[in-house]
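Have a look below at one chain only, the form predicted alone, in structure tokens format.
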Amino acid sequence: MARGFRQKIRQKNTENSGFGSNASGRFINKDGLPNVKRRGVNVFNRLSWYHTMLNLSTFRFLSYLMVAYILINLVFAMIYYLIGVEHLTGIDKSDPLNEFIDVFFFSSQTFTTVGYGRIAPVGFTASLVATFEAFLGLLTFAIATGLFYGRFSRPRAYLRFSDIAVIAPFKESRALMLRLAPYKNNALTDADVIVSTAIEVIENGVPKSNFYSLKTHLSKINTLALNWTVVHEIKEDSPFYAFSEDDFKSTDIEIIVQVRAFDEVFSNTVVQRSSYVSKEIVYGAKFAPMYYPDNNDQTTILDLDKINDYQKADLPAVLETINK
């Protein structure tokens, strides 16, 4: 069975994929990051906290900062409370809750080095803790400022990939198509795309992934302003040349796509990746248009909500010719 299946693939597999042939699951996640978990080192050496914080969504990043800020002030508020509120002037001592609230806000004022002056430490121990907290606050806000700047200034491609790829009619044959589009107002030029595929076969009872480079009909464009439909024509040199609809559905396939472009504002090259597995490939379909002129016919409207829209399409009967 495996030998007959390999006979359908006429292209020689490539050895420079960067992935092992026996890896599990998909190789590239939809967000473009490798689907790899590392073991053998502790969490501090396994993760780059700087890269982790830069890659977080804006909501999660701000949430983590807020939670960390509240927790730090709660810890110092408990320390001040344990030292004794009598070592802090200006505390409302009407009840324990008001005492702790005043201590918490004193901690936040010390941590941010604001220091309104109503509450002040008295004695060596409270002053020492306040000094250390102010020093820690300076370091923390310096780190937070650096993270904010890194997130704000980091060049990104800001590309949105379609959730699906399609097997569509192309000329007198078929083609694998996927599309992408920029979703921000950054200017990308000299964009090129590299597409490869991993196809799982069984050799000696062991599943193995073979990698193949996929030639694209247009591998480079001068300006990436509208959507770009990446087309791999399924010809004789394609690993999918003899694949039927059932082959696409029953075979473990992953299409890996990488787009590289030049950002004119940052004067830097940006890269973004994505991938498509078998269940994300729609056979016998073609993408619907996603841009159109405005009412005055003066501007082109790029509707990003339509990036996944497709229509059913009849494919030419090429398999009968191939099998002969």
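Counting begins at 1, following the sequence as shown. The structure displayed is predicted, hence computed values, not measured ones.
Beyond the structure shown, there is the form predicted together with a further copy of the same chain, which is absent from this document and is the topic of what follows.
K.L.:
For the chain seen here without its partner, which of 230-238, 172-180, 243-251, 158-166 has a heavy atom within 4.5 Å of a further copy of the same chain in the predicted bound form?
P.N.:
Every other range fails; the passing one is 158-166.
K.L.:
Is it the case that residue 25, even though its partner is missing from this view, gets within 4.5 Å of a further copy of the same chain in the predicted bound form, heavy atoms only?
P.N.:
Residue 25: contacts a further copy of the same chain in the predicted bound form.
K.L.:
In the predicted bound form, does residue 305 come within 4.5 Å of a further copy of the same chain, counting heavy atoms only?
P.N.:
Yes, contact at 4.5 Å.
K.L.:
Would residue 93 show up as a contact with a further copy of the same chain in the predicted bound form if we use heavy atoms at 4.5 Å?
P.N.:
Heavy-atom contact with a further copy of the same chain at 4.5 Å: absent for residue 93.
K.L.:
Does residue 57 reach a further copy of the same chain in the predicted bound form if we count a contact as any heavy atom within 4.5 Å?
P.N.:
No.
K.L.:
Identify which of 134, 83, 202, 74 has a heavy atom within 4.5 Å of a further copy of the same chain in the predicted bound form; exactly one of them does.
P.N.:
Checking each option against a further copy of the same chain in the predicted bound form, the one that comes within 4.5 Å is 134.
K.L.:
Which residues in 160-187 have a heavy atom within 4.5 Å of a further copy of the same chain in the predicted bound form?
P.N.:
Sequence-ordered list: 160, 182, 183, 184, 185, 186, 187.
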